[in-house]
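One chain comes next, on its own, written out as structure tokens in the form predicted alone.
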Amino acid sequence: MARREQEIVVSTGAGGLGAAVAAETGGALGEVEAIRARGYWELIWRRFRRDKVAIGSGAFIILLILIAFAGAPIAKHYVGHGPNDLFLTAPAVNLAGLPANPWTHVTNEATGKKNVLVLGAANRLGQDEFLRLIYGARISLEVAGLSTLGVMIIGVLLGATAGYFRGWVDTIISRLTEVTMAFPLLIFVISLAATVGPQLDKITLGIFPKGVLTLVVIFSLFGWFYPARIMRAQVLSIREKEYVEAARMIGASNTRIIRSHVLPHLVAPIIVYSTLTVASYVLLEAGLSFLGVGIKFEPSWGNLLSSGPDFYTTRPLLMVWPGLAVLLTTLAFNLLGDGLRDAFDPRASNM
């Protein structure tokens, strides 16, 4: 009798479980549904898309890139002049030397046609604030993007080498990292701008505005130390993992182990740190240009901010537009980096 009651209880429990599974999956009881395993990148994407703020930040960055590189030439075509064109007379600049207000119509002396200054004039030279703003986005993104690429290449190579080989290799790279960290970057940039800066700014490779490559080289040479320290710490942990030991035991070379087992595990910190580094270089480029030692003659958010305070009581919007551009861009990259960090390491977001 006891055995029969036990069979009834087990049968009833199994039926209840089956009904619950059927209700959850939407299928009939007894049907077997294939379960597809999700890959690593698919799981990351599923976690990342739940973060609406990060998704919005990524959309803003994509829109900014499209405006800077595709929209700027289109805007230049429709307004009828370039970002460096001068309008020295009224109404672009009034008799008191004040730049024009938004939506001021001016005459282009070169073509004789009427043009419009969408956001008004940027300075006493009557240059177009709107065009200089979107062309400044191009310069800021070029400097920040190329500098980030440079520091990540140098930092990942040196950091991975130091962490994997350790010993005297680690000692040399660590001492070089400490020397680079202690280097006074701002003093060096100011000294460079006062001496050979004009000659270096002429190096453009035919595709970059003047001064962009100079800043990229300087930022890359003196900014790689932080990613190098991060990658070194990551590799020190990875090289002790079981799969690395197994690869070493079956005779795999160091080159193969680094390529197949170490570098793939560095993708997540590289992507996350790169987004945060871009934001820091946008700020750094704007700060140096504001001081007059970065981008000097080409349109840049920094030199727009440097000329804005001259008119803060009469034309306050001249400070607002580039200030908002720098603020929103750096905020978008930082929020995107936070979202990517949580997507790659979900445990960190729950701590």
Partner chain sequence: MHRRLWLSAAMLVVGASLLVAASFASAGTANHALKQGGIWKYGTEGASVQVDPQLAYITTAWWLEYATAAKLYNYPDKAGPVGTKLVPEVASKFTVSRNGKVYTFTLRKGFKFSDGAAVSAKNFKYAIDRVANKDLASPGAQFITDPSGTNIVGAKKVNDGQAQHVSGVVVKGNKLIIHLTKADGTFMAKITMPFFQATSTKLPLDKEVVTVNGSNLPSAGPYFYSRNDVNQLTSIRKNTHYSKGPGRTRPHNLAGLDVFWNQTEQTLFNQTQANQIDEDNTLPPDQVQGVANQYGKNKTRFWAKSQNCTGYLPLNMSNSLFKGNTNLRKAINYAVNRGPYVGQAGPFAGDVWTHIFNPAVPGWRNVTIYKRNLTTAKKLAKGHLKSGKITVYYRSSGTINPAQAQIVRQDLINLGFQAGNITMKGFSGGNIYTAMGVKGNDADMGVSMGWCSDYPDPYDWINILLYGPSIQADNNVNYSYMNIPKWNKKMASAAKLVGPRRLKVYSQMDIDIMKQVAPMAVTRTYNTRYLFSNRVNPKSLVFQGIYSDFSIGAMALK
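This structure is a prediction, so every number in the text was calculated from the model and none was measured. Residue numbers count along the first chain shown, from 1.
Omitted here: the form predicted in complex with its partner chain. The next part is about that form.
(message) So, residue 210 and its partner chain: in the predicted bound form, are they within 4.5 Å at any heavy atom pair?
(response) Looking in the predicted bound form, residue contacts with its partner chain include residue 210, since a heavy atom lies within 4.5 Å.
(message) Please tell me whether any heavy atom belonging to residue 124 falls inside 4.5 Å of a heavy atom of its partner chain, as the geometry stands in the predicted bound form.
(response) Residue 124: yes, in contact with its partner chain in the predicted bound form.
(request) Verify the contact flag for residue 203: yes if a non-hydrogen atom of it lies within 4.5 Å of a non-hydrogen atom of its partner chain in the predicted bound form, no if not. (result) Taking the distances in the predicted bound form, the answer for residue 203 is no, it never comes within 4.5 Å of its partner chain.
(request) Please check if residue 47 has a heavy atom lying within 4.5 Å of any heavy atom of its partner chain in the predicted bound form. (result) Close contact is absent here: in the predicted bound form, residue 47 is far from its partner chain, nothing within 4.5 Å, heavy atoms only.
(request) Choose from 94-102, 237-245, 250-258, 161-169 the stretch whose residues reach within 4.5 Å of its partner chain in the predicted bound form, heavy atoms counted. (result) So the stretch in question is 94-102.
(message) Is it the case in the predicted bound form that 42, 270 and 274 each bring at least one heavy atom within 4.5 Å of its partner chain?
(response) Looking in the predicted bound form, the three residues 42, 270 and 274 all stay beyond 4.5 Å of its partner chain (heavy atoms).
(message) By the heavy atom within 4.5 Å rule, which residue out of 75, 230, 116, 86 makes contact with its partner chain in the predicted bound form?
(response) Result of the distance check: 86.
(request) Identify, from the list 198, 82, 71, 150, the residue with a heavy atom within 4.5 Å of its partner chain in the predicted bound form. (result) The residue from 198, 82, 71, 150 that makes the contact is 198.
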